[in-house]
Structure formats: structure tokens, C-alpha cells
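Okay, here we've got a single chain as C-alpha cells, the form predicted on its own, with questions on binding and movement later.
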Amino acid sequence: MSGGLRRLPEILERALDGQPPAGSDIATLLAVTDPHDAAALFAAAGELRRRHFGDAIFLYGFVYFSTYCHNECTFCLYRRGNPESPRYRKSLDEVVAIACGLAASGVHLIDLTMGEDPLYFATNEFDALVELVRAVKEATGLPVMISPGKVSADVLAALRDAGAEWYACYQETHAPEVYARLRVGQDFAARAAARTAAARLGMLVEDGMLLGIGETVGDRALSVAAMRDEPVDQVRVMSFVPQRGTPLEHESPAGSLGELVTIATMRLVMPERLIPATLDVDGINGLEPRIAAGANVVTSIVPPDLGLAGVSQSELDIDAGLRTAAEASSRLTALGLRAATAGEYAGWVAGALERRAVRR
């Protein structure tokens, strides 16, 4: 056992005493691979989740409404020019109907996601996107997250005014040299600045990191620390899944242990923030280990038989009906947890928005 890992019990004890890990301790946690050490890490993270959120888990409905994108991200199935990518654009009426169905199923938020669709970006005309957010908000009454890629502060303000409480814009890595290999031709600082602009506008913000794309443990620690220091309210990690038709198609999958360890580390470092358990890497069978590692949000709930795609796994468990609010709720019950009420999530969002307004 390395000197760093010999400090693991002390790091966990301090975290449970209200002293979040910092500095080299973050890398020590991220380097955990031993099953016994991992179990101790997950137990501490689960306890911190319980202290901050009780037994309630939030559920997010996911609507990938446009899979067109003008970017050439090396990891993404929907990169521009990939002939293997499933392409579609859902109409406003289709998206509203899907969102209403998700709301009726029991989700707490509607996540509207798209690639950086040339339909909007080529003309810098986002009125149709703003109207889409407004229509979904009015039809469902639920909090709305918009994931449109990097957009200007003016567009963000219009989306906020239309009803979007959340803006999601993932950096994927906070190591600039790794970023340059992933998000080819995209400005590192400008993407981070978009999240800061959203926070200054009073929106809630999500950032995220991708694992297994050539980064080091130090790079992962850099991302965790960067997200801790950003004005973000939800922090996400996902394992890399090779995508057909991309430059990284033949790379080996990352595996899930690193993702679980990172979820737990983020919970210790940022105990009060929302941390998703995505269904988009391992499907519904990946829910339990991610929740056990300290996650408190189920993301990528997608209704079946509507032609919707996921991100890392474009089809996994969707049309089998396993990525639904009902299935996620059932799995949570088996873990001794429960899906939160809509009121509980709305209350959390209202409190977070108030705190954001005070910090502006």
C-alpha cells in the first residue's frame, strides 16, 4: 500500500467530521483500486449523501431532441460527419408530448439535450430553442435543464427567461492538453466561461468529466478540484464508451470502477452538491453501484418506443422499457431508498436558486 493510501482511513474520518478532502488527498482517493479500500470509500460517501439528502433520490427525464452537431469531438457518436450516427430532430410538438409523458411518469426534471446543431449555430438564431423551452416549461410545470452546448450570455438569458432553471455544459476534462484531444478546435476557456455566465445570470449549472480517455489520476484530481471551485450545483462523471465511426472507436472501454471511485470522491469533496448516477453507461444494472458510491440523482431516464437516443449508449435498455422512472423507483426501493417527491425536488431547486441569487 502506498503512503497516500495508508492515509485513507484518516481522510475518510476527516470527511465525515466535516473536513472535505483537498490537495493531494483528492488524488489519493481517486487512486483507490483495492476492493476493501473502495468499500470504505463508498461507505463514507453513502453516509455523507444520507446526511445531506436523507433517503430521497431525484429522477431526471432525458430528451435528446437533436443529434445533429457541428463539432468533431473525438469521443462522441454524434460528431459532425460520422456516418454511423443516428440523426434526427424532434419537432416542438413531439418534444412537448415526450416531456409531458415523462412528467406523468414521475420524473422531477426535464433535461433537454442537443448537439451543437447547425440549425441554430450556423445562423446564431436560437428563437426556436427558446420557444421549445418555454413550451416544455408551460406544459409540464417541472424544472427544466437545457444542454445546448456553448452559447452566449444573451442566449442563456433568453433560455432562463423562458423557464430554464439549469444549464449543463460539460468540460469533460479540466486538463487543457487532454481537452484539446477530445474537443477538437473548441476553446477551453470559452466553454468554462459559458458556465460562469449562466451562474451570473442566476441559473443553476452542471459540469462533468469523462474518464478513460488518456487522462492521469492527476488530471482527474484537477477536474474534481476545478468543479469544486466553479459555481456549479451538479457535478457528473461518466466512463468512456468507444463509439463506432469515431477516432477512438477501437480504444478499450474504461470500465466502471474509476467512475464509482470518482463519484465517491466528489461526494466527499462536495457533499452538498447533486451527483448523478447515469443509466447511459451500464444501463439500469449500473444504477445500484453508482447510488452506493454516493450519487443522489438518476439521469438518462428515457421513455421507450419514441426513437430517442442516449449519449454513451444510444440504445441500451431504452426500448426494453428499463430506463423509466418506474423501473428506477423500483430499484431504489430495493436499496432501502426512495424516489423523491416532486415537491422535494422543487424545494431543493428553489433553495439553490435563492443561494445563487445571493452570490450574484
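We number the residues from 1 along the sequence you see. Quick caveat: nothing in here was measured; it's all calculated off a predicted structure.
Here the subject shifts to the form predicted together with a small molecule, a form of this protein not shown in this document.
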{"query": "One stretch from 46-54, 26-34, 324-332, 294-302 that, in the predicted complex, holds residues within 4.5 Å of the small molecule by heavy atom", "finding": "294-302"}
{"query": "Answer option from 233, 111, 282, 165, heavy atom within 4.5 Å of the small molecule in the predicted complex", "finding": "111"}
{"query": "Residue contact check: residue 147 to the small molecule in the predicted complex, 4.5 Å heavy atom", "finding": "yes"}
{"query": "Touches the small molecule in the predicted complex: residue 238 (any heavy atom, 4.5 Å)", "finding": "yes"}
{"query": "Residue 223, heavy atom within 4.5 angstroms of the small molecule in the predicted complex", "finding": "no"}
{"query": "Heavy atom of residue 308 within 4.5 Å of the small molecule in the predicted complex", "finding": "no"}
